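Shown here is one chain on its own, the form predicted on its own, set out as structure tokens.
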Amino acid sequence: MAIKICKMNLMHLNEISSKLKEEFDEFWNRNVLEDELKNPNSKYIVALENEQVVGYAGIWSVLDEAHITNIVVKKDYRNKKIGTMLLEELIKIAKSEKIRILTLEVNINNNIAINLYKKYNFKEVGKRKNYYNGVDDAILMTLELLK
């Protein structure tokens, strides 16, 4: 499996927009993602296999801080290190932009993602009650890139 990571464009969004719910877990809809592509503070990347989108991720940057908005992998491609590749690329982007601290929220029940973030030295710094769908709590995590 040869995975290529590149910047997301409108063509990629068109490819995944009809499949968001069934194949990716619809965290955000097409309109929100399209707005993100237009946002100068936002950067989105995709993971491609044979030019087909199998995952995507985004980051918002403001001054010297950035927030990982999402890392999403197509259901059939999970547990194949694609999320890891996307996270590594987001960290590279943040470092290239001289980001000091990287933050994210993760569902308290998503042990796979929590363990991935801990592997990359993200630290738990708090919780948001009922953050996901008014039910599940979120763990707030941060990674210091520059001190």
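In this text, residue numbers run from 1 along the sequence as written. The model shown is predicted, which means the values in this text are computed figures rather than measured ones.
There is another form of this protein, the form predicted together with a small molecule, and it is not shown here; the text below is about that form.
Contact with the small molecule, judged by heavy atoms within 4.5 Å in the predicted bound form, is confined among 88-96, 66-74, 29-37, 44-52 to 66-74. Using a 4.5 Å cut-off to the small molecule in the predicted bound form, not one of 60, 100 and 102 places a heavy atom inside that distance. In the predicted bound form, the small molecule lies farther than 4.5 Å from every heavy atom of residue 122.
By the criterion of a heavy atom within 4.5 Å, residue 79 is counted among the residues contacting the small molecule in the predicted bound form.
Residue contact with the small molecule in the predicted bound form: residue 109 places no heavy atom within 4.5 Å of it.
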